[in-house]
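Here we start with a single chain on its own, the form predicted alone, put down as structure tokens.
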């Protein structure tokens, strides 16, 4: 005779009120959290799976979709907690919205639309070549991001809360307008060291953009089979990926490098402030990812730092 299957009973409570929302009977032991989300969705159609945060503790972290019920620290009668994450939007649409905005906003200032600087400056161009070059580099950066979003990135999480995209768009779009206003202003003055400073910055910018793209391709290749399982990224034959020898998130290293070069190119204070804030945020993300790798993989390369080789 075959072994007898022990089914689970799953009670789902509201994370705040502790009120019972759903009781699932005869849940198979190998059911995943994704399966439980779908079962819960049948009882509450307004809470589609992407809106659900299912957790073991009311204030704990959300359980991953692939986690299996019988492997969780619960008995055959399991108590889980639900939190509504609010309306969600797909990551592809998130990035398309975040990155398309700065691209078009910058052009409003570059072409000196009459409502920006005044009627006298309508569709006039700057006498400084660096202004044209800055527009090309800024546009290239965000066009690259849009292409990566469509053809390269593979997202471990399918959605983002709608409220977060509003906050992110305010950040990206607002800074794009601020940078563009000063760089394209009729009173803008070019860099102090002239063409040498500009040429150095352009070379640095192109190297960092190529490096950033190479890292994104390498990370995408780790999930070519569609898997969401975390893997350790390693350098490939592409020299731009060799930064993986020293840091966990070289894509952030290259990203910051690109904005530093843009700051040098334009010699503009708002660009420098934006670069500084980018560095702070990416350092936070890099540290979080780095320590996640260290916790999950005992053989994780000890030489790696989160974002800056040997330092940070």
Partner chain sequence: MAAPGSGGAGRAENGYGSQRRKGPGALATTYLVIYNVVMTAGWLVIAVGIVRAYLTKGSYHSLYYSIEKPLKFFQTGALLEILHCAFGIVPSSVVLTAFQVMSRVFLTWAVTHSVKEVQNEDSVLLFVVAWTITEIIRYSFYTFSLLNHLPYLIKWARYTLFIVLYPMGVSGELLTIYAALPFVRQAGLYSISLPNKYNFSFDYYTFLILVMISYIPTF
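Since we're looking at a predicted model, the values are computed, not measured. Residue numbers count along the first chain shown, from 1.
Beyond what is shown, the protein has a form predicted together with the partner chain; the following relates to that form.
Partner-facing stretch of 259 to 267, 38 to 46, 23 to 31, 58 to 66, counted where any non-hydrogen atom is within 4.5 angstroms of the partner chain in the predicted complex: Result for this chain: 259 to 267.
Distance check, residue 185 to the partner chain in the predicted complex, heavy atom within 4.5 Å: Answer yes; at least one heavy atom of residue 185 falls within 4.5 Å of the partner chain in the predicted complex.
Contact test in the predicted complex: residue 77 vs the partner chain, heavy atoms, 4.5 Å: No, residue 77 stays farther than 4.5 Å from the partner chain in the predicted complex.
The partner chain contact in the predicted complex: residue 178, any heavy atom under 4.5 Å: Output for residue 178 is yes: heavy atoms within 4.5 Å of the partner chain.
In the predicted complex, residue 189 touching the partner chain (heavy atom, 4.5 Å): Residue 189: yes, in contact with the partner chain in the predicted complex.
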